[in-house]
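Next up is one chain by itself, shown in structure tokens, the form predicted alone.
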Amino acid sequence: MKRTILLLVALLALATARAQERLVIHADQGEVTISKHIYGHFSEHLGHCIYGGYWVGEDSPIPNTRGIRDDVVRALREIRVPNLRWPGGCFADEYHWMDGIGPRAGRPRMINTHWGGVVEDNSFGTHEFLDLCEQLDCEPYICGNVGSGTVEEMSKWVEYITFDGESPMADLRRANGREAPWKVRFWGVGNENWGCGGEMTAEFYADQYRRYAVYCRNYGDNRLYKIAGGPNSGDYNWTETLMRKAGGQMQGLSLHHYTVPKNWGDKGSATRFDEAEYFATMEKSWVMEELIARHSTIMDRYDPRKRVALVPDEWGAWYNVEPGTNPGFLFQQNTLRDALLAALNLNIFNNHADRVRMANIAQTINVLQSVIFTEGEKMLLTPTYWVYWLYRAHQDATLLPVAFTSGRYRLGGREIAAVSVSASRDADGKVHVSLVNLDPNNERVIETELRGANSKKVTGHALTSARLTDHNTFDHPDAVTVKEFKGARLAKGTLSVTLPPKSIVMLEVE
């Protein structure tokens, strides 16, 4: 009898768990577009992100086009990078753009006081960055200097890049080898002005933003999409103040939030962590949902038509640097944990696509949560890279409404939602469903009803590995990579998916 009761309890628990993880996708609905710009990247003059990452110089034996690495360009084009933020970050508010134009041999050298105290020779400047964006077929996102710069300096930079008439700045651009102006839409007016960008109050920065933004002019048919320096994580007063005082003068408001497993004094190791630290990382990653919801609520009061985008243009994991590396270079390894974190955040951004229309992971190469590592002539793709490869299908697709209650992942008396999901319909009518199982120990069975669809076929890819700490190295560059997924079945309008533990799955249903 006792054995029978235990069996019944176990079966009831299983049935309850399955009932909790029933997903409904309204495949015939959806009005919001998931902007491709949510899948943007951020590259700062920091460590080996620019120098050795993108830029090797025209005389390098590493294959390059005008000094920019060919292998990096190919890899980033494969994940369809839609926009690239530059030159910072904290570096932006000590960067004076005129130091980075003209013959390279004559450009002034400076000390990068924010990041490692190394010499910045300014060999990678405006022309090189915009050449990179053209090679990537992505849009530039330039962050201007408010912290130590002037209104005149920023105004002239916009003119130098985008004006097609007769003026000192346009003539200077032509003298430097570029006849036609560039098209540059995304323009950040300062960076982290509450911190490294000037230690300003919200009220002071709001006034400064209004002043600087006036002189960031539209030339010809180039129209600037001006992005104000927004809050640090949960600083809701900053959002309130900026929207109240300057909301009508901006098209976007940035948000910076990093996931730090432990604390800022000891952030934790990128590769040596136990399940408790992994749980804390995912718990803190889920905070992005709350941040976006609360900042959006404030923005809704001043902008109910959602004209102004919320732009998380610095996000990702931040750990202690790898032992033996320059602490100012912020180089950290990238494990399966980071892939799960990235997929979770991208699902959150997708599901808030009515307000979140742009985002930039920090940072693209060799710094923080990178998608690429380089070492001399060698290059490898990190687990986070493969998340962007999987999620390409969501770019500019229609967000589909979903109804879903996830089961729980519990550890040490705490719990979080175990599964994250977002879904979209592309221009060809195909439905894509991205599912993330954060539970490292248990499969999750998701019974999915596809309402309004007459689907006949499902295919998929998955990213997982044996251990959360698994990562790619130059000796083993494919330790963590995508594989074909066979755990989905479609029958009579119901899609049954068995998610492996600690996995990311992208399904295509047609």
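These numbers come from a predicted model, not from an experiment. Throughout, we count residues from 1 along the sequence that is shown.
Only in words, not in the display: the form predicted in complex with a small molecule, which the text now covers.
- The partner is absent here, but in the predicted complex a heavy atom of Tyr258, alone among Tyr258, Phe329, Trp286, Tyr302, sits within 4.5 Å of the small molecule.
- With the partner omitted here, the residue from Tyr160, Tyr212, Trp115, Phe186 that has a non-hydrogen atom within 4.5 angstroms of the small molecule in the predicted complex is Trp115.
- The stretch that touches the small molecule in the predicted complex, counting heavy atoms within 4.5 Å, is 36 to 44, out of 50 to 58, 469 to 477, 445 to 453, 36 to 44.
- Contact between Asn437 and the small molecule in the predicted complex is not found at the 4.5 Å heavy atom cutoff.
- The closest non-hydrogen atom of Val308 lies beyond 4.5 Å of the small molecule in the predicted complex.
- Residue contact check for Leu368: one or more of its heavy atoms lie within 4.5 Å of the small molecule in the predicted complex.
- Interface membership of Cys90, defined by any non-hydrogen atom within 4.5 Å of the small molecule in the predicted complex, is confirmed.
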